[in-house]
Every structure is written in C-alpha cells, then in structure tokens.
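A single chain comes next, written as structure tokens; it is the form predicted alone.
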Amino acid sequence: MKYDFTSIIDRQGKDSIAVDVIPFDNAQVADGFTKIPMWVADMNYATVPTIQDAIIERAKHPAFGYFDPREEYYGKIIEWQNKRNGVEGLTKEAIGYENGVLGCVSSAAQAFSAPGEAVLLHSPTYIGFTHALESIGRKIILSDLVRDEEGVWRMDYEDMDRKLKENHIHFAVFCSPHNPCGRVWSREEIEKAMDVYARNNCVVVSDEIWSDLTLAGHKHIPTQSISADAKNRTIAVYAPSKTFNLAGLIGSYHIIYNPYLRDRVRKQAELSHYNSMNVLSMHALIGAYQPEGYQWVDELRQVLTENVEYAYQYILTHFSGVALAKPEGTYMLYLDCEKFCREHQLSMDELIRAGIRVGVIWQDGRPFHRPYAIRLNLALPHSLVVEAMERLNEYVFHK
C-alpha cells in the first residue's frame, strides 16, 4: 500500500475526544491497560497528505477575511460524485454548504414540518438524528429494521407505510449506508423505500455521509439516482469529514435538485447566521478530492474490510451469546449482547464498564434504540483490533 494504515498515532493532548473522553459514567480504565479508542465514529489513521498540504499552503497567506467558495470547491464535488457514485449532470446550483449533516436535517425538518409533527426514521437510529429532531420539537416515529433468517438487516416496507399513514407523516430521514447497522442498501431496496415515501407524499433527507466507506463487494447507490421522483423529493447530504476524518474542521454539503426544496432548506440554514463555511475547511475538501484522495480511500476501504472480517469472525467464534450482522459499509459493528447478559445475569452497565476497564473504549448502543446493544469502531490499525478482541475475550466474554 502507498499509505500508512498500520502506525499507531498518539492522539492524547491533540484535541481528540476519542482518546481523551470515556463516554460512560463511572467507568475507568484499570492500571496496566492502554486505551484503545473504539467508540465515537472517527478514525485513528493519518489522513491523506494532500489535505494537510492544501491547508498549510493556504495558511501561508496571512489574511483570513470574508470569502466566497472557490469554483474549484464545486468542481471537485462534481468530479468526486461522478467518479465515485456515477452521478451525471450535477451542477453548482444543486450544491450547498452545510456545517454538518445534522444541521441540514434540522434545517430541512424546520422547512417541511411543524413543531409537534411526527417524522419517520428507522431503528436502530443514529443518535444524532434523535437529538437534532427532538431539540426542535419533532416527534420521532420509528420503523424497526428486522434481521432476516440470514442475519441481514432489512426494511419493513409495510410497517413504514402504516406508520406514515397512521401518524400523518410527510417528512422522513433515510440513512444510506445505514448507521449503525452497516447496511449498504441495494437499488431494489431503495426503490421500494422511495415508493413508500412517494405514496405518502414525504420529503426525504438522505444521509449519505458514509457513501465512500462501503466494504469490498458493495457499492453505494445514491438515493436521488433511483428515479425522477426520488431526485425531486430527496435532500441528499454528503461530507468529506467521515471519509477523511475531518470532523474537527467542520463541513458537509447538500445536493438538492428541486429548486423548491433547495430554496426552503437554504432559507432555514441562513436564519441562524452561522451556517458558514470555514476557509480552511474549503481547502481541506479540495485537498481531499485530489487523485491521491481517490487512491487513499480505495486503500482505506481494503483496510476496513479486513478489520471488519477479522472482528466479525472473531466475535462469532469467541463471544458466546453475542449476535451481530456483518456490516457492508461503515467501520462500525453493532453488537446484540442480550443472550450473553441474560445467561450471565449481567446488566448492560456492568458489561460496558467491564470492556472499558480493560481499555476497550466502546460505546453504549442503547441510545440507538436497541436495549442490549454496543457499538464498536474498527477504524484503527489492525494490531489494535486484534489486541481489543483478545482483551475482550480474556477479560470480558470468557465466562
């Protein structure tokens, strides 16, 4: 490989909550154990050097005043979407800056629903959606994803349709690829979902921030590419932040083809007067979407695929009582620990603290709307994935 995904980076004291924060009350790492950050969804790899180069080059100029996005910014997005996702005909007019995916979700919800109205999401649910929508007074209705006989998460289209009708819902959030389940939806699945939304006259926000991080054998299908109707009722949101680990720089973008949807989302986003691009964030995107960035992402996907395969097989063979679906995208595992907890009369709080005690800083998965869940981040050097699995096996699940 050209790029380094094996070196262990010391992030302590470098403004990283992944290593500086333990995300669970009264949990501590015992003496003798190093921290292995496996919770918040950022990566423990050095990003592609062209990003640093672009930021450093811009930072050499001593003025950082008001600015407008460069044409190159839009051009790089158009090129990236074409080469990575096969998007044709994308223009600058359809692209708009967002401080983050959740900011766009909030703006869109305020543009197309009223306080107290219900919105539809799938469960398990990314906790950011829950917080963003509840903070603006929307009622969340969940349609459960269901694991089939092969353990694959599936949408329940009849349940979606029924809940949209019963709750008079006309606004929905769709997550593709899905976080935390890791599903990369097929074209047929997205077609069926969009048909349900269309029959119920729903505006759809499609969170596609994970679109670059599909695993081997899987390909992202943009929701807006499904049909003319989907193109015109969907607000799609992307970002280089998840792909290149740039969350600390802030910066996402929407793609909205329908002028009616676009105008209303932009107006809501403007009302705070703070949905504004950072000049270094703009140059970071330009640096990311260079030829080197394409190669870096391809190598990253290979590394993540190997980590997911290793961890998935290890858990199946060593952690009796723990169930999980094999992800097709993202770098997260979503563990179902119900059987283990019941067999060993262990509470979820006790289990989560037991992992953290041996330095495996994993995430409580219950806020994602599954009562016995843990979310586990595998975007770190393979040696640390191996170390984490061995610690969990020896000290937590070996009973």
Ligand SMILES: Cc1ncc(COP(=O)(O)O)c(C=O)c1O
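Residue numbers run from 1 along the displayed sequence. Everything numeric here is computed off the predicted structure, so don't read it as measured data.
A second form of this protein, the form predicted in complex with the named molecule, is not displayed here; the remarks below concern that form.
Among the candidates Met160, Cys175, Leu133, Leu215, the residue which, in the predicted bound form, approaches the named molecule to within 4.5 Å (heavy atoms): Only one option qualifies, and that one is Cys175.
Residue (of Gln81, Thr243, Ser252, Asn307) lying close to the named molecule in the predicted bound form, criterion heavy atoms within 4.5 Å: In short, Ser252.
Contact of Val184 with the named molecule in the predicted bound form (heavy atom, 4.5 Å): No, Val184 is distant from the partner.
Contact flag, Ile361 vs the named molecule in the predicted bound form, heavy atom cut 4.5 Å: Answer no; every heavy atom of Ile361 is more than 4.5 Å from the named molecule in the predicted bound form.
Touches the named molecule in the predicted bound form: Ser206 (any heavy atom, 4.5 Å): The answer is no: Ser206 has no heavy atom within 4.5 Å of the named molecule.
In the predicted bound form, Tyr197 touching the named molecule (heavy atom, 4.5 Å): No, no contact at 4.5 Å.
Whether Gly100, Phe129 and Trp210 all lie within 4.5 angstroms of the named molecule in the predicted bound form by heavy atom: All of them do, each having a heavy atom within 4.5 Å of the partner.
Stretch in contact in the predicted bound form with the named molecule, which is absent here, among 316-324, 151-159, 101-109, 217-225 (heavy atoms within 4.5 Å): Heavy atoms within 4.5 Å of the named molecule in the predicted bound form occur in 101-109.
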